[in-house]
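This document starts with one chain, in the form predicted alone, laid out as structure tokens.
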């Protein structure tokens, strides 16, 4: 998994992936590490994972985008390739104030990938263009 995160975060996701494959659980020490590295959004992201709120959209051309249904029910289209989410928390906390590595939506995407619980949906290239331009969904 190629990310734009510090090495400690990447290692944490690898550890979660390895242990989750073996036990289908995340042990307390890794949950504490998640909270330490990502702060308050860790618990919110885990809630999104539990609710199966993350869907990976993929098109025949190989493009991928992730849609996350937020706690309020709003749909956010996130891009790991450029480490971006359009939510207000990402804009304010990550981009403007530089006080966090990411928002709960992107963290939920990383966690779902590490745990192999991401919902998958194949869409056409035309549908992907609409998703990428913000003019529509799948």
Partner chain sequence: MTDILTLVFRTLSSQTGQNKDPSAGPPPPAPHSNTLVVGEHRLSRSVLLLAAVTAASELGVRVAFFAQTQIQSLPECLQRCSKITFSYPRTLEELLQQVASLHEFPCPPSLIIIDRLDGFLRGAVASSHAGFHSGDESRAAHLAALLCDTAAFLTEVLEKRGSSSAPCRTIASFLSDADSGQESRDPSAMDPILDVLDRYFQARCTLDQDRSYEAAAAAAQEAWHVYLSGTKIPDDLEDGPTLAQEWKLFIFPEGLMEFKLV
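Numbering follows the first chain given and starts at 1. Just so you know, these numbers come straight off a predicted model, no measurement behind them.
The same protein also has a form predicted together with its partner chain, omitted here; what follows describes it.
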Contacting member of 119, 129, 11, 17, with respect to its partner chain in the predicted bound form [4.5 Å, heavy atom]:
129
If contact means any heavy atom within 4.5 Å, which of 107-115, 81-89, 26-34, 42-50 contacts its partner chain in the predicted bound form?
81-89
Give a yes or no for residue 94: in the predicted bound form, does one of its heavy atoms lie within 4.5 Å of a heavy atom belonging to its partner chain?
yes
Contact flag, residue 67 vs its partner chain in the predicted bound form, heavy atom cut 4.5 Å:
no
Please determine whether residue 22 contacts its partner chain in the predicted bound form, using a 4.5 Å cut-off between heavy atoms.
no
Answer for residue 71 alone: is it within 4.5 Å of its partner chain in the predicted bound form, judged on heavy atom distances?
no
Taking its partner chain as it sits in the predicted bound form, which residues of 28-62 have a non-hydrogen atom within 4.5 Å of it? Please list them.
59, 61, 62
